[in-house]
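We begin with a single chain expressed as structure tokens, specifically the form predicted on its own.
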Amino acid sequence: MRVCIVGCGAVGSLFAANLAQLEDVEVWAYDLFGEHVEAINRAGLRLSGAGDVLGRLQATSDPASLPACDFGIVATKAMHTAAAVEATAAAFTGGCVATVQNGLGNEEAIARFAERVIRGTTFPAGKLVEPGHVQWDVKGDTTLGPFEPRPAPFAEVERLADACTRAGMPATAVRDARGPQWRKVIFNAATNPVGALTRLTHGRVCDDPGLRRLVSGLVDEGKAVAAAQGISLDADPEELIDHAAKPEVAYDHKASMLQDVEAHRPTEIDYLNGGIVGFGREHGVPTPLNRAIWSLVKGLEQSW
């Protein structure tokens, strides 16, 4: 099996380095960060923290150099999905392309350039320490399922899930992956921007009673939007929020949106709270809290 990680940032690196441990999987990585690519090719891709791994793989910033791949795993920021998949699409002509990204709309963007698409949701998280080195902050499960308008064969979904699981990134193949996806979208939309606006880690947001009530209000709106679409969540986002706030899980973890704010990078707010607002408008569900948070983060971005 040959797998290409499209976007080898923190999450992409977790999949790349772990999958590279398998003898029956050849791993490639495509990323535009030249120093990261060079470091990976020179000394491998190192993970530290929740797991210590050194993955040997081939990395490139030239999409034309990618070989034909059985699977693509897209792990870019949501705003870069279309450009990244358009650039690498030739490598996946006979394969399947999965997303393990945050937010809504990534599958639709991938489906513009790929015939067989996998809807994916993943919870592992980390951050880039330096080129070739990623700190693994949070372990977690991944759920994969066919993207309904352009589905990958379920046998191929199972094949990718099996490889990820054997590599130490537990994954489950399901027929309908919308529930897990919306659970994480709601989780992220309720917690990440609050942390980004206050500069607090996940656990410290949950420690503050006023902020925790705000988080629950955002969750309730997201649940209502999911229900209006006939989507059954696979678990309550509130339980996930409380679980992640434990010291041994993600109490001190800075969400990716907070990392972006600290670096003055564009955030994924349009694909999280903005996505919930959009689907709410489409289905007649009011989302005033999500709209307010969306506006606040957009205003913060403009201040840079």
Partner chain sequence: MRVCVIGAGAIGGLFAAHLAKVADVFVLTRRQEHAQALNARGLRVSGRHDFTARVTATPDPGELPDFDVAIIATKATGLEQAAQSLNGRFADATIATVQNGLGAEEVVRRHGEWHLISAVTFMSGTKHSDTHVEYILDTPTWLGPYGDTPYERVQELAQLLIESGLEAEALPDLRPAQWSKLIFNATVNGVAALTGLPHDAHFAAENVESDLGHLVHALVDEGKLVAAAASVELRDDPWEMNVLATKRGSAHYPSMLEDVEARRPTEVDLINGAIVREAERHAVDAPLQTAVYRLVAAREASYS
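Numbering follows the first chain given and starts at 1. If you're wondering where the values come from, they're calculated on a predicted model, not measured in any experiment.
Below, we refer to the form predicted together with its partner chain, which is not included among the displayed structures.
- Comment: its partner chain is not present in this chain, but in the model of the complex one of Ala89, Val138, Ala163, Leu197 has a heavy atom within 4.5 Å of it, namely Leu197.
- Residue contact check for Leu296: one or more of its heavy atoms lie within 4.5 Å of its partner chain in the model of the complex.
- Pro286 falls outside the set of residues with a heavy atom inside 4.5 Å of its partner chain in the model of the complex.
- Taking the partner from the other structure, its partner chain in the model of the complex has no heavy atom within 4.5 Å of any heavy atom of Pro149.
- Shown alone here, Ala59 lies farther than 4.5 Å from its partner chain in the model of the complex, counting heavy atoms only.
- Screening 110 to 118, 181 to 189, 149 to 157, 213 to 221 for residues having heavy atoms within 4.5 Å of its partner chain in the model of the complex returns a single hit, 213 to 221.
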